[in-house]
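In C-alpha cells, one chain follows: the form predicted on its own.
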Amino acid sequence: MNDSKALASRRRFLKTAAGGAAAAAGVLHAPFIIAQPAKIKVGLMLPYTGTYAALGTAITNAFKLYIAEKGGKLAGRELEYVVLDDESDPAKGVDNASRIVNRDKVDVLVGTVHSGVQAGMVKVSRESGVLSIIPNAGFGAATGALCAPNIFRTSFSNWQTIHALGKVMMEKGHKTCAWITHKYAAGQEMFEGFKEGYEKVGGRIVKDLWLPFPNVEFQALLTEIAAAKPSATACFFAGGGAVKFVKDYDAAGLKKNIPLYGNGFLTDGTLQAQGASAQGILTTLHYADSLNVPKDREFRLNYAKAYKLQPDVYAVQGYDAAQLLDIGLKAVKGDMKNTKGMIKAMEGVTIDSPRGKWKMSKAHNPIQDSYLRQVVGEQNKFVGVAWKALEDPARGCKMG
C-alpha cells in the first residue's frame, strides 16, 4: 500500500472510531429512562341500563372518586377501566364475566348489583382465581357456601340487610305482617333473612307474595294484602321497582292503615321519584343520611362536588371497594401478581367508611352496624342502631 492510500485509510478509521465514541458518549449522557409499570386493568361489570342502572352508575362514580382523591393512582400505578353493562341478566352472567376476565385479561373484577348475575360472576371468579370485589349484590353463597380466598364483598349479604327489621317491627307492635318481593335470588334470600329474624322474636307472616322480576304490576297483590289485614307489610324492592311499589302502595290506600317497612333499598336513591308516598317509611340498612361520621361528611361533600348529586348507599359501597383494593395494593407495593399478599392484607382490614368503620369477616363480608332510618323529606334520616356489628352467619363457608 502506498503512502497516500495508507493515509486515507487511517483517516477513515479515525473518523469512524470518533463517530462511534461520540455515539457511545451520547448514550452514556442521555437521561436514564425507567420503564413505567403497566396500568392495572379494573373490570367494572355492572348494570348501566334497566331498573338498576342508577345503582351501577353510583358505584362507578364513587369508585372513581376514590381513585381521583389518590391522584389517579393506587400504590403508584395508574388504572385502566374495562366497562361492561351486565344488563341485570343472569342468563348472560357467566359469558360476560368470562369475556372480561379471559379475553380482556382484567387484574381485578368489580361487580355487580343483581344477585342472579353475581352467581355467574362467582363461578368465573372461583375458576379463574381473579381477585374479585363485590360492591353490591348480596348473593349469600358468595360469602357462604361458595366463598373463596379471592372473593371479597364491601356491601352486605341479603340476610344481613333485613335480619334486624323483624325486631324493629315487633318493637313497634306489629305481631303479624304480609311479605312481598320479586321472585328471584335476592328476593328469596331477603325473605329468609327477614323471616328468621321476625319469627325468632314472635312475629308471624300471614301472607307472602311474589312476582317475576322485573314485573311491576302490583295491583292484584296489593288487593291480597288488603284482604289479609296484616298489622304491617315488609318488602324488598330496589331501583325502579321500589319507586313504582311505594307509589302504588300509597295510591291503593294501604299506607295509612298497614304501615310499610323494608330494608333500605326501598328508599335509597329513590326518594325524589317516590315523593310524598315515601314519607315516614322506616327501613333498616348499613347506611343512613345524617350519620355523625366525619368520613361521611367529607365523602358527601366530595361526591356532590364531583357529580352534582348526593351519594347513596350504593356509592358508599363503590367507594369502599376502591379503598379495599388500595389497601391490598399498598401491602404488596403495587405488585398485582402477589395475590396472596393482597388477600392477606384485605382479610385483616378495618375500613374507615362513610357508613362508619367496619371489619372484614373471615368469610370476606363486612361486619357492620344495621341502622334504623326514617324517610323525612328527601333523606333517610338516622334514627338509631337497630343491630350493632351484625355479622352474616356465612353458612357453608369453608375458606381453604
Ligand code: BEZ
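Quick note: we count residues from 1 along the sequence shown, nothing fancier. Keep in mind the model is a prediction, meaning the values are calculated, not measured.
Missing here is the form predicted in complex with this ligand; even so, the following discussion is about that form.
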property: Among 362-370, 344-352, 330-338, 48-56, the region lying within 4.5 Å of this ligand in the predicted complex by heavy atom distance; result: 48-56
property: Contacting member of F245, F236, Y198, Y319, with respect to this ligand in the predicted complex [4.5 Å, heavy atom]; result: F236
property: Residue (of L324, A186, C147, I180) lying close to this ligand in the predicted complex, criterion heavy atoms within 4.5 Å; result: A186
property: Partner contact for A142 in the predicted complex: this ligand, 4.5 angstroms, heavy atom; result: no
property: G193 within 4.5 Å of this ligand in the predicted complex, heavy atoms; result: no
property: Q160: touches this ligand in the predicted complex, heavy atom cutoff 4.5 angstroms; result: no
property: This ligand contact at S115 in the predicted complex, heavy atom, 4.5 Å; result: yes
property: Within 4.5 Å of this ligand in the predicted complex: residues from 260-280 (heavy atom criterion); result: F265
